[in-house]
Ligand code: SAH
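Below you will find one chain, with nothing else, as structure tokens; this is the form predicted alone, and questions on how it binds or moves follow later.
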């Protein structure tokens, strides 16, 4: 019998965080394993999947804009199947099926079903939805096992690694999920309502997956979790935390760097993790620790369970245990009730924290969250925009100052590949392509060199710096 999908191609577009990037890679691997071809050209695609994010309104608007474009394409190609997967699918459910372009809606917990959903839709020409009905209930044992099997099977493909098959899309690197969901319920955040309660994966499954990745040439593994520093798994009388995972993964031959994101500012396991970073050569001295605000009043309104002072104490502790640690932060401006005084307190915290970089966003109400239900979005859009620009300017000056400390120093870099945004040549070999890579502490380094270095470690001497980038000259391969 002829394979009904072997000549079909899919295109997948991903928005959002590292979790979504990982899910996109897993889905891509599953579809290719089932016989689908992959394309980046919508004109060649029989199936288009959009992996969605609901954390900010802007992300959802981009998805809706993309669906509007696909609706016009389907007028001339009515057989095109369009699926929306991920957080937005879980949040909106049936409402998405009302869109003329959409055939499939699939939540994050249902991605192991994606091949089945697509083949049924192609065969039966009907709309299909699969989401979690009661998202805050613990998953059934069968659903948990299905997710684990899917993760373990498609977390890495058993053939030569290429840029489109790795769970990061970057040669030599991979994401590995340590835990799913979140129990924090920050008032602005939709994640607990689209990803469900926290569930930590078994250490044995995580370590086995990393071993397979190492066997396929992966050198850097990033452990993922919504608040990954709260990872906890109990097996018999033994209880495992993130520090244990780092130690176990460090023993795997081939793995040279280990990172983890994202951490929540709390004392739980914090010192254990810092000590692991200090003791384990493979654990990168990089910590992403979102603060969100420097105002205690706003932190309480956000249900962030720490004060600005306590947050700064955590940073001081991190720098005492790991002196050369690089720290990144997240901030939200324009949260309901944020005054100019509250905003100035955030600026003060940023100046004291001295982050290597910050991710700064304007608050947007997310339907279903406590902030949307109980707090008026009363900071004008123009004020949010001004505060966003002002805080970015403060951080850029700090980043530029920290980056200048690298001038004339040699750094070890894991090469990602050709730069997607070519910079002006900074005195390097114009005949070689411009490459981009990162240091163990996540500093971006741009230099000229052969594309064959993608996925390899090199040494580069830093010749110029900017607020966002280190510019170097290739010295030797390590």
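Residue numbers count along the first chain shown, from 1. These figures come from a predicted structure and were not determined experimentally.
This next part talks about the form predicted in complex with ligand SAH, which is not shown.
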Residue within 4.5 Å of ligand SAH in the predicted bound form by heavy atom, from 387, 201, 259, 366, is 366
Only hit among 150, 270, 361, 233 for heavy atom within 4.5 Å of ligand SAH in the predicted bound form is 361
Notebook entry, point to check: Any chance residue 226 has a heavy atom within 4.5 Å of ligand SAH in the predicted bound form?
Noted result: yes
Whether residue 286 contacts ligand SAH in the predicted bound form should be assessed with a 4.5 Å heavy atom distance threshold; does it?
no
Check your understanding: Heavy atom to heavy atom, is residue 411 within 4.5 Å of ligand SAH in the predicted bound form?
Key -> no
For this session: May I ask you to check whether residue 180 falls inside a 4.5 Å heavy atom distance of ligand SAH in the predicted bound form?
Result: no
Within 4.5 Å of ligand SAH in the predicted bound form, heavy atom basis, the matching stretch of 390 to 398, 186 to 194, 206 to 214, 121 to 129 is 186 to 194
Applying a 4.5 angstroms cut-off on non-hydrogen atoms, the residues of 44 to 70 near ligand SAH in the predicted bound form are 55, 56
